[in-house]
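The chain below stands alone and is given in structure tokens; this is the form predicted alone.
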């Protein structure tokens, strides 16, 4: 049998019908749903007289449209409130388990999956959200699907899909102080571009990946889609197994379930001689904190770098995109971002709202004050993250510094829940997208790590956390 990659192994194990002229039929282990991409899907089932085929493999939560300033729907618009209410009624009608706004397990869908042990190595996982790739950090094949496909999986627990190519990304070396997983993935996207991994599944490898904790691996896999990839994967190892062990939905030692699962998981890593269609290697030893300057995640530079000059870009279409981005962001070629004034700092999203992210931001803010010209939102990724952060006193650090401590949700990442920028305002955000209007009509977004965001909140302008000392 020829050697296989991690992706090959998971794909083959879930193949119901092979791909021919038509897409393959792939079995789905876990279907995660939320309030935005499900109303039409449930309506489709209702119109056809169908049921949800596997309610035991379907989990719903609320995250995109819910308010974070409180749990009252009065602070969001009528469309957002209607989405929340329709998810509640649809889950009751179709027998789907829902972690509603008042449930202790509620949170951003890509935070609670791993947190609860729903996400496990070797699974296929889908959700009507592009950042489903997050779950690949645990060695699961996870990707986003559209509303029509959500209906398809609800009805059949299967999905029509075409196989992607294999793309290895080898991160080697050791991160320097002040540099994080967010900087690693922004550097990758800056190198290969937002379409660089189109039609591929990324597998992240190398010593720098192995040294990361699970939450940092999730940050990297989360942004795989921003490079155009179908999904992102990290092979499971002892760090993975220790993370999953003991979680609510994880296999239990009783009756040998954990040992059986572990034996399967240990066989998942890519075979030694497995062939990849493409490989990129990045040495992180010299990596600096990275920040975006434009209107897609591939427009990034080191924090001490300078905005590129479009006139140096030979390709006319790329030059036009860069010129348009700089105009929208109100930046000049050659300028440094350090010292650039911002109005809002957002620490949260499915990319960087976990406990380790909040700890790193709190470490910067401890004993300091937020610049009075900056509004700072700190939004935990789940009720569990919120409880743990408060037990450690992180909420008090943020509030004492002058930041707002919010309820869990997607918040300003997507600006459809009352949290948004005003036209012309700029933000440093730990989220994953900086498209025009992503955080509010006319808003300008600089993507960065929680460390860079926290330093910016203190300084009142884009700042290098290493200049604050302690690194």
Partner chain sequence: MKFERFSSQAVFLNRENIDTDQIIPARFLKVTDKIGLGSALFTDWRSDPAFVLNTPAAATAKILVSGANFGCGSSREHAVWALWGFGFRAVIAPSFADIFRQNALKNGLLPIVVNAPTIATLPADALFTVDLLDQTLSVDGDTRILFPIDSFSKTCLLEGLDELGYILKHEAAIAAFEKAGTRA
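Note that the structure is a prediction, hence the values are computed from the model and not measured. Positions refer to the first chain, counted from 1.
Not pictured, yet referred to below: the form predicted together with the partner chain.
Asks: Which of these stretches, 271-279, 184-192, 387-395, 143-151, has heavy atoms within 4.5 Å of the partner chain in the model of the complex?
Replies: Going by heavy atoms within 4.5 Å, the stretch is 143-151.
Asks: Would 94, 104 and 266 all count as contacting the partner chain in the model of the complex, using a 4.5 Å heavy atom cut-off?
Replies: No, none of 94, 104 and 266 comes within 4.5 Å of the partner chain in the model of the complex.
Asks: Go through 52, 62, 59, 414 and name the one with a heavy atom inside 4.5 Å of the partner chain in the model of the complex.
Replies: Exactly one listed residue reaches within 4.5 Å, namely 414.
Asks: With the partner left out here, check for me: in the model of the complex, does some heavy atom of residue 14 sit within 4.5 Å of the partner chain?
Replies: Judged by the heavy-atom cut-off of 4.5 Å, residue 14 is in contact with the partner chain in the model of the complex.
Asks: Heavy atoms within 4.5 Å of the partner chain in the model of the complex: does residue 129 have any?
Replies: Residue 129 belongs to the contact set for the partner chain.
Asks: Answer for residue 283 alone: is it within 4.5 Å of the partner chain in the model of the complex, judged on heavy atom distances?
Replies: No.
Asks: Using the partner position in the model of the complex, report whether residue 438 sits within 4.5 Å of the partner chain, counting heavy atoms only.
Replies: Because a heavy atom of residue 438 falls inside 4.5 Å of the partner chain in the model of the complex, the answer is yes.
Asks: Using a 4.5 Å cut-off on heavy atoms, what residues in 1-29 are near the partner chain in the model of the complex?
Replies: Heavy-atom contacts within 4.5 Å come from 13, 14, 15, 16, 17, 21, 22, 23, 25, 27, 29.
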